[in-house]
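Only one chain is included here, represented as structure tokens and corresponding to the form predicted alone.
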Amino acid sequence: MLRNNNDTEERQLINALVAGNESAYRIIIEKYRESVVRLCMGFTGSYDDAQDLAQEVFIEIFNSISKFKRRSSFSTWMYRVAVNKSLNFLRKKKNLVSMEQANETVTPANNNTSAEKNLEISDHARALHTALDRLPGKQRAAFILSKYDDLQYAEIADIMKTSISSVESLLFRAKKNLQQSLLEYYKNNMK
């Protein structure tokens, strides 16, 4: 019964948004902002970029709500918009990010153990993000939707317009590829 109330509320909210109701738009942002930022951050690795992308996602939703066919839930459609925006962002920024990472060097000012530990943590985070960057687009999207937003396989399949078995396969290959990339990193960097 609760599901029917949620469906009715969502339907009313979408109808209000289609009618151009600004308060409905604010409700959508309040309800989904955190999830969209978290998803975008999974792709970008940058909170600032994720914030910018989330803003673009909500602008796109506002401008395209009339195209929402209601074949899936609103949140599935919204996630699809967020994934597409994130992937487009990565395509445009890939060369720039690679150049910045290649030029980025950090040296500790002294032998402070805390500074060295922070540098090590930063290096590990950079290695993980680099490994994520190397994943093919569909593997990366499935992994981020699964791990960053903790979505179920069926939800990921809806967002990616694929089958549940394809999602399982994408996640399996993504984990295997990440494991290989990180194993190489740790073999080369841990002494």
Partner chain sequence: MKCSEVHKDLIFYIEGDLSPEREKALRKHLDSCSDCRAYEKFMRQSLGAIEMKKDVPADDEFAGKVLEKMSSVPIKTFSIAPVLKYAAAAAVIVLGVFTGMGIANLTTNTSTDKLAEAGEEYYYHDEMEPIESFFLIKYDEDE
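As the structure is a computational prediction, the values presented were derived from the model and not from experiment. Residue numbers count along the first chain shown, from 1.
Just so you know, the form predicted together with the partner chain exists too; it's not on screen, but the next bit is about it.
Trainee: So in the predicted bound form, does residue 163 come within 4.5 Å of the partner chain, heavy atom to heavy atom?
Mentor: So residue 163 does not count as contacting the partner chain.
Trainee: Test of understanding: in the predicted bound form, would residue 9 fall inside 4.5 Å of the partner chain by heavy atoms?
Mentor: Outside the cut-off, so no.
Trainee: Taking 4.5 angstroms as the cut-off for heavy atoms, does residue 15 touch the partner chain in the predicted bound form?
Mentor: No - in the predicted bound form, heavy atoms of residue 15 and the partner chain never come within 4.5 Å of each other.
Trainee: Examine residue 152 and determine whether its closest non-hydrogen atom to the partner chain in the predicted bound form is within 4.5 angstroms.
Mentor: No, residue 152 sits far enough from the partner chain in the predicted bound form that none of its heavy atoms falls within 4.5 Å.
Trainee: If we check the partner chain in the predicted bound form, which of the residues in 52 to 88 reach within 4.5 angstroms of it by a non-hydrogen atom?
Mentor: Going through 52 to 88 in order - heavy atoms within 4.5 Å of the partner chain in the predicted bound form - the hits are 52, 54, 55, 56, 58, 59, 60, 62, 63, 64, 67, 71, 77, 80, 81, 83, 84, 85, 87, 88.
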